[in-house]
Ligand SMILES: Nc1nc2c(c(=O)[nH]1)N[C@H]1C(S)=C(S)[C@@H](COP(=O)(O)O)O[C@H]1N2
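Below, in structure tokens: the form predicted on its own, a single chain.
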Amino acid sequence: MSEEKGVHELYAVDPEKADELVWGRKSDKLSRRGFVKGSGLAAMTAVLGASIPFAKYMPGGLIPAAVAQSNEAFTIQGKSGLTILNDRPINAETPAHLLDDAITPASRMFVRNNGIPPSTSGIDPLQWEIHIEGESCERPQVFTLGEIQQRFKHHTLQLQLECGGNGRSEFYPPAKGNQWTTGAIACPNWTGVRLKDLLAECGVADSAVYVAYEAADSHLSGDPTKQPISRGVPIHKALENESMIVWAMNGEPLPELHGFPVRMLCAGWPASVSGKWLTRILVRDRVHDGAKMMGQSYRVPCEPVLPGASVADEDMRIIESMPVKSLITFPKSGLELSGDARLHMRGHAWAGDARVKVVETSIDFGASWQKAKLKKPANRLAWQHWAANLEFPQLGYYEVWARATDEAGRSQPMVLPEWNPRGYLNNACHRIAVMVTA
């Protein structure tokens, strides 16, 4: 289950697991000393706001005294109010009511890691190298980030990123993986260059099929020969104006957990195709076969299946554009409202590669729907803001549901979409509880 835990509770259950969850580094199980190094040390010093001169002597499973003084729910440095999911290193989601900003601030953006982030503290970001190569790359080249910033036109766009497993916790039977509720979605402003401009400089052969990334994060096993994730997109998606190589979020350098110093961004598709800590771009003459591209990773059945059914790998398809979806960001679920008051509510809606055409709300469990006021997106592949005013006919318990429909007429299901083994693409209507009292 998705839980928010105080730091003492985390360490009381399993100190070694807490080390891995909170700091992203496994402790030395023999001596339980010297675990604080690399990315683990970077995470801890970021939380403490200072270096740790004797970190090499610090026992594994020890809560830093500065953190141990409080049992408030542990918060990741630079984040505010996120809920830590406890089955992978540093994965955290944002409660819906904290996503109310029109442009998602870095402090409210969800965190999704497949491996251990690299230690980038103290590096010169302008010297970071990106290799562009592959079977269908005509002129393989190596660029530093500084060269990219100097040679190519800069663009700033507001672009959505959503984890393919957002909403997984609602599927039954349960699917394996982080049990996201609704908060693995964000839509900040990003600054960088168009991926297609870099590819044009290097030459894309007619044989090009896919564009993929490799990154600097390390595998959870510690095996340097294994990659935690290396995914990509078909060539047509890579060549869109909104597919970018970015180094800034909301006018500031990328936070370390979001790919500092540079990442790939292909909005509207599962966020797993937008590789962080980018080191290599591959122009492939085939569908990319990197880590998390094969088997059932980020794939759904080609045809509907019964809940709980086993599906052969060959009967699964790669997820591309994300489905239409909406979120109620105000008010927070559980609101008590005076019987004569109107409810002013708002939220966001998005539809992968498409545009949202209408958002509706219901107070009678979907028996009837009222159209909300919907704004245009800031640019293609940005979410759209909506607002509605509701009145309630009598005192009692209500659920307010929100439903979006895209320009192709595809609407959110009221309860759950078709089941799939990995719990991807849940775009069921978001709902909140409202109690109307005298």
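Residue numbers here begin at 1 and follow the sequence given. These figures come from a predicted structure and were not determined experimentally.
Form predicted together with the ligand: not shown, discussed below.
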Hey, with the ligand in the predicted bound form, do T182, W401 and A428 all fall inside the 4.5 Å heavy atom range? no
Tell me, out of V359, L195, A267, A215, which residue has a non-hydrogen atom within 4.5 angstroms of the ligand in the predicted bound form. A215
Identify, from the list N189, T120, S107, S272, the residue with a heavy atom within 4.5 Å of the ligand in the predicted bound form. S272
Among 200-208, 135-143, 256-264, 361-369, mark the stretch whose residues have heavy atoms within 4.5 Å of the ligand in the predicted bound form. 256-264
Using the partner position in the predicted bound form, report whether I319 sits within 4.5 Å of the ligand, counting heavy atoms only. no
4.5 angstroms heavy atom contact with the ligand in the predicted bound form for W350: no
Contact between W277 and the ligand in the predicted bound form at 4.5 Å, heavy atoms? yes
I'd like to check something about R168: if you look in the predicted bound form, is any of its heavy atoms closer than or equal to 4.5 Å to a heavy atom of the ligand? no
Partner contacts for 156-183, taking the ligand in the predicted bound form and a 4.5 Å heavy atom cut-off: L161, C163
